[in-house]
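Have a look below at one chain only, the form predicted on its own, in structure tokens format.
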């Protein structure tokens, strides 16, 4: 009997990662694009581009980002197709293909999605995975993170992605809807805010959201700036240095009030005798978790309820998919949903 390949997939708004039981791990930008016309097809010599390649060639493409605000887009056939292409691409990277060494019929996949998508898009995701994998288990991203870190009891995970910030209180069992929350204030909303602030201050500068995203990923901070944030952008076509320190601070700190409020609200719902343990075991994950000064800012908010400890994961790229893989390997047969082709 062919060996089962277990995979964990973290399906993210900005980036998606996969970890497989054969030791392979990959991360790709969550973009899918098709050539807009025959000229583009001639230049690109391919029918579909995925990930960073799609972003780099976006002027020639009908570009789709199939996840938005943590939800799988269902508006058009192209968005549905984009999700399938992205998933097939990820599985192909770890060796799953029709004629390859591993066929879809031997794949068990745990897919981590934002908590909001878990509630509303589950059936859509199921349909997207048909014929791509044999068995499926859909879980929330923060739960996958908790499972991978073995942080399954008296823990609060705060997973700050591009489309959503997800919260999950772990009580030593599968989390329920009551244990999880989703905010749409996250990386994308910071990018939009930062772009707006830069355009207001430097109206003649020519700046795109792709440039802003790159700057944020490199320089994001809350609290006191350790150094000035100086970037280069064209002003009337001339590359010019811009100081965006204040704009970066303001955009990043727009995350703090809603995240603090949600964190304190969830903590208040924990059984009273366990609240202190959960307060001292808060884990930040996702790309947004790397924002400089964020753990300290959240700890300052915890001081009003007796203090607490927030730690962040230094390498968040594969935390979700690694957790999904650990879950895939451990999950009993009864937990899996069998997908017909």
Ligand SMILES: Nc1ncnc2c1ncn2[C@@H]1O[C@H](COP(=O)(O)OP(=O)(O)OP(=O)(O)O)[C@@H](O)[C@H]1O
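Note that the structure is a prediction, hence the values are computed from the model and not measured. Numbering follows the first chain given and starts at 1.
A second form of this protein, the form predicted in complex with the named molecule, is not displayed here; the remarks below concern that form.
Site annotation in the model of the complex: the residue of 89, 78, 171, 213 reaching within 4.5 Å of the named molecule with a heavy atom is 213. This chain is displayed alone, yet in the model of the complex one of 180, 128, 220, 193 has a heavy atom within 4.5 Å of the named molecule; that residue is 220. Only one segment in the set 146-154, 235-243, 130-138, 160-168 has residues whose heavy atoms sit within 4.5 Å of the named molecule in the model of the complex; it is 160-168. When the named molecule is considered in the model of the complex, residue 85 lies well away from it, no heavy atom lying within 4.5 Å. Among residues of the shown chain, residue 60 is not one whose heavy atoms approach the named molecule to within 4.5 Å in the model of the complex. Among residues of the shown chain, residue 308 is not one whose heavy atoms approach the named molecule to within 4.5 Å in the model of the complex. Within 4.5 Å of any heavy atom of the named molecule in the model of the complex lies no heavy atom of residue 323.
Using a 4.5 Å cut-off to the named molecule in the model of the complex, each of 15, 287 and 290 places a heavy atom inside that distance.
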